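Only one chain is included here, represented as structure tokens and corresponding to the form predicted alone.
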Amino acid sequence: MLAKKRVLVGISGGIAAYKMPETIRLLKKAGAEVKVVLSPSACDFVSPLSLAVCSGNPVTSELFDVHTGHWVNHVELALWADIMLIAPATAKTLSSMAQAHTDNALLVTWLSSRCPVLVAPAMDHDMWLSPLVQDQVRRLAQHGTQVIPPGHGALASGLIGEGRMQEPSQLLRHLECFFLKPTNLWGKTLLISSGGTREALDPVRFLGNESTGKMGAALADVAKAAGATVWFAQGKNSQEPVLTPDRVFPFQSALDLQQIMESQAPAADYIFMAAAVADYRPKKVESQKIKKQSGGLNQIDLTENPDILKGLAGLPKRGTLVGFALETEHGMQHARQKLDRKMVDFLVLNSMEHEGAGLGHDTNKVSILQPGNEEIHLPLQSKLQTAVQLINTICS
């Protein structure tokens, strides 16, 4: 997604600037070309030399060198970029941007830019929540600047709260999603289940499946980057989203997941049932480890798990319901039957018949089915790209 993209990184003077060499390293690893411009105070927090080494390009911190007489063409630098990321964006920088001040190299380069601009605020909890700061953020957003909301965590002041700048991997994911162009989901709530269920046999054994939760995590990342409120039901040891969901509901068994989904679905606008649910569970869970000598593992009596997807379809109040079908043969035939039987709004067919698709892969190849409409067949691509196309098709 970022290969050959030209990313201009602007860094202002906050302690979170220590994260930027790693951010630049990740951008370079993803194939992007990176240039860096600093505010004067940023040089107190991160070395221009380290940034130059990481980016492979000279770093701009002043518009004019008094020793050599060299003038930096900030307009040329601004027009070079496909996208500009300002991180950290301090309260002072955000205020200066909102007022169109141009008293340093970072600000004058930003004001000359024609490319999309993303800002990642970083400041103390009470500063971030200040009505004055929030007014500046809203003003920038109204003029097209995309704000990457700060997270909740430990702050330089020693307090714990909102205001912590997103981590380098999260900044990278926001940029990836931006270039993939997901539909705007501000004001929408997505409930996403992800990963496999585990049905306990005894305290140490279980019946499970090969689900890694990569598809569900990709859906959560895209939704979060698109501005949605994300509620994420996550199976044990399943992949976590890079972007932190608003609420996380851990589950192990199908019964755990049923309770989570049925309690949260009435308040969600979209429900993506991407978890891999076991059809059966043991009738009896032993309180102690079953010994081989006892023969207790030779025969396991099973009982059918509830049909969570069909139960969600029957709720009197719910949002758009999306089911997932994993098939190993006759995929489209089985998916059509499941679409009718489950009474969902959309069904995503994930067929193991295609190389590179299905459980455990970083890529996927799916089809989208909807009652009364022709199937939409997506190509083999990364699960992040698949997630964007699923959300753009279903949530448009």
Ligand code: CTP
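Just count from 1 along the sequence shown to find any residue number. For clarity, every value in this text was computed on a predicted model and none was experimentally measured.
As for the form predicted together with the ligand, it is not shown, yet the points below apply to it.
S.K.: Of 266, 250, 116, 306, which one comes within 4.5 Å of the ligand in the predicted complex, counting heavy atoms only?
M.R.: Among 266, 250, 116, 306, a heavy atom within 4.5 Å of the ligand in the predicted complex occurs only for 306.
S.K.: Looking at 94, 326, 120, 226, which has any heavy atom no more than 4.5 Å from the ligand in the predicted complex?
M.R.: Of 94, 326, 120, 226, the residue with a heavy atom within 4.5 Å of the ligand in the predicted complex is 326.
S.K.: May I ask you to check whether residue 29 falls inside a 4.5 Å heavy atom distance of the ligand in the predicted complex?
M.R.: Answer no; every heavy atom of residue 29 is more than 4.5 Å from the ligand in the predicted complex.
S.K.: Heavy atoms within 4.5 Å of the ligand in the predicted complex: does residue 35 have any?
M.R.: Looking in the predicted complex, residue contacts with the ligand do not include residue 35, since no heavy atom lies within 4.5 Å.
S.K.: Contact with the ligand in the predicted complex for residue 279, defined as at least one heavy atom pair within 4.5 Å: yes or no?
M.R.: Judged by the heavy-atom cut-off of 4.5 Å, residue 279 is in contact with the ligand in the predicted complex.
S.K.: If you check in the predicted complex, is residue 338 within 4.5 Å of the ligand, heavy atoms only?
M.R.: Close contact exists here: in the predicted complex, residue 338 approaches the ligand to within 4.5 Å, heavy atoms only.
S.K.: Of 144 to 152, 160 to 168, 126 to 134, 271 to 279, which is the one stretch near the ligand in the predicted complex, taking non-hydrogen atoms within 4.5 angstroms as near?
M.R.: Partner-contacting stretch among the options: 271 to 279.
S.K.: Of 172 to 207, which residues get within 4.5 Å of the ligand in the predicted complex if you count heavy atoms?
M.R.: Residues within 4.5 Å: none in this stretch.
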